[in-house]
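Here's a solo chain for you in structure tokens, the form predicted alone.
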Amino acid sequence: MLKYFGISKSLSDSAVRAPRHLPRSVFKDGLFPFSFRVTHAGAVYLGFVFLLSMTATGTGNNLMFIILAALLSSIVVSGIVSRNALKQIALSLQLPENVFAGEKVSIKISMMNLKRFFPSFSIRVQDPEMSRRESPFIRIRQWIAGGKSAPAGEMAIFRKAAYFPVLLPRETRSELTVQSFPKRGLYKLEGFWISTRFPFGFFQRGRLVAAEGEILVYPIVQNISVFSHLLPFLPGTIESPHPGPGETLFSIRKYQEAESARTIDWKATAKTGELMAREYAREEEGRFCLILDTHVQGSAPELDTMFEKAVSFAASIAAHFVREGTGTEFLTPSEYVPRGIGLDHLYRILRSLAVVKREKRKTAGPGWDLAHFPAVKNDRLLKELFSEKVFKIIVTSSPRESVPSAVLRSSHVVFFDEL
């Protein structure tokens, strides 16, 4: 088990939600089930074969025709052998149970040779999107467009290929690849692309294995101390605006009889000439709500960066308070997560943050009201969330003057441009 800012993760479980393990996919024969690409060595080989065929035709030399026939037959043999290597192969994919953006994770790819008698050699497994990026046709098109290489598929589940040198009949082997997911969100598996250059390396033959699955990548969770300049507190407990037992100083007042002498503040007593006592703020199990306002005015590219920082900040705040045992509610314009505690509740919030999207503000003015949060259908509950009964941390891009004063009295507001 690993710990990630108090979040436990098991590296032996699959992170796929539906189904839990990506389905095993078995090849079936078809009329034209394979595709192929010519490698650099294959291009040289074909060029040599072409020159030899021209020479043999021009000279009529029988030896050259025999050599040419052997070279051409090797292409046929290569196709038969490579086709047999890619037949009757089963695949499965496993990832950690919880995956966070930017974190290196291990992906386990298992392959089984279902053939009874024939082994499979030199098989490469990768994401179909990455396979398309390696296509020579795409490279030529990019070269014509200006010499820029095709960008790597951001939403590909695995970008590093797994390689299996040999797979004996009825044998199962597994390979681990380490990679990170560049951004949060829902990654969908289109299938597996497996290929081989066996036996001669002149051609790369491959095929697509149909498979369905999805992986939810959570936003980056950081230690809350990183945001200490934005927050007036670090503990997870919520202090009441009323006096009582606690650790934070609430006020200094006159000493009353029958009180413990430990409450006397001797510095204040020396200044005033009267006995003065310390009074502390009462710590209580109050209601806490984390609010992420996803409405953003404008469509500048830098707004995407600001929004992602806001999502990461919200995830870090939620992880901190849940880890401290504080009952936490979470609210966005499109979703409301009721109060809860524990890791299961935290992952429910993180799942919401993983897929949350920036929304364009409908009104051009700086207005900010309860109508921005239609996720709460109960008007009474919505008013209660924004009342002084509930302490709130609000993350918003709205200007300060647009937030109602009644909300500011019971909230700590963090603005996007402060992150």
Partner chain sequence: MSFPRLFKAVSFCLISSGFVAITAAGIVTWISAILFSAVLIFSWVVDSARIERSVAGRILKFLAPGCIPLFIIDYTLLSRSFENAVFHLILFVAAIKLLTLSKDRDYLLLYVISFTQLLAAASRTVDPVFTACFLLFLFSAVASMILFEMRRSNARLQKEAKVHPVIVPRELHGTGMELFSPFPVKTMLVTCAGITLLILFISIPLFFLLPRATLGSYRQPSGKTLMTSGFSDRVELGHIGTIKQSDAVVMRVKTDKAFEELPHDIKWRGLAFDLYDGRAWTRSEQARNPIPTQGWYYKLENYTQRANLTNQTFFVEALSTDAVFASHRVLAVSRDVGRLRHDTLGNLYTSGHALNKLKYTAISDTITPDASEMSDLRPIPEDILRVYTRVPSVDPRIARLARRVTEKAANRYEKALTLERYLRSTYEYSLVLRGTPKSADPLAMFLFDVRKGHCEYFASALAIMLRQLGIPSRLVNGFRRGEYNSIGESWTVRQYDAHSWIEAYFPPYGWIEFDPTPPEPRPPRSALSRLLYDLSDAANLWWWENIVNYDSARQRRAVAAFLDRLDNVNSRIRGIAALAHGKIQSGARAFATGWIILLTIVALAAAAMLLIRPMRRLIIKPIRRRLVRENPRSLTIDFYEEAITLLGSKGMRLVRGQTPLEFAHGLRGHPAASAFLALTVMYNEARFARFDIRLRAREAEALLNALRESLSAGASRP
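Residue numbers count along the first chain shown, from 1. Think of the rigid core as the biggest set of C-alphas that the two forms share within 1.5 Å after superposition. Computed from a prediction, not measured in an experiment: that's the story for all the values here.
There is another form of the same protein, the form predicted in complex with its partner chain; it is not shown, and what comes next is about it.
Asks: Just one of 211 to 219, 186 to 194, 160 to 168, 332 to 340 has heavy atoms within 4.5 Å of its partner chain in the predicted bound form; which?
Replies: Heavy-atom contact with the partner occurs in 160 to 168.
Asks: Going by a heavy atom distance of 4.5 Å, is A261 a contact of its partner chain in the predicted bound form?
Replies: No, A261 stays farther than 4.5 Å from its partner chain in the predicted bound form.
Asks: Does F65 make contact with its partner chain in the predicted bound form, using a 4.5 Å heavy atom cut-off?
Replies: It does: once its partner chain is placed as it appears in the predicted bound form, F65 has a heavy atom within 4.5 Å of it.
Asks: In the predicted bound form, does P119 come within 4.5 Å of its partner chain, counting heavy atoms only?
Replies: Contact with its partner chain, yes.
Asks: Even though its partner chain is not shown here, does P374 get within 4.5 Å of it in the predicted bound form, heavy atoms only?
Replies: Taking the distances in the predicted bound form, the answer for P374 is no, it never comes within 4.5 Å of its partner chain.
Asks: Work out which of V355, A43, A69, L381 lies within 4.5 Å of its partner chain in the predicted bound form, going by heavy atoms.
Replies: Exactly one listed residue reaches within 4.5 Å, namely A69.
Asks: What is the one choice in G327, G201, P128, P182 with a heavy atom within 4.5 Å of its partner chain in the predicted bound form?
Replies: Exactly one residue meets the criterion: G201.
Asks: Compare the position of the CA of S387 between this form and the one not shown after a rigid core fit and state whether the shift reaches 2 Å.
Replies: Superposed on the core, S387 moves its C-alpha less than 2 Å between this form and the one not shown.
Asks: Any chance the CA of L63 moves 2 angstroms or more between this form and the one not shown, core superposed?
Replies: Passes the 2 Å threshold, so yes.
Asks: For A43, decide whether the Cα shift between this form and the one not shown is 2 Å or greater, given a superposition on the rigid core.
Replies: After core superposition, the displacement of the A43 C-alpha between this form and the one not shown stays below 2 Å, so no.
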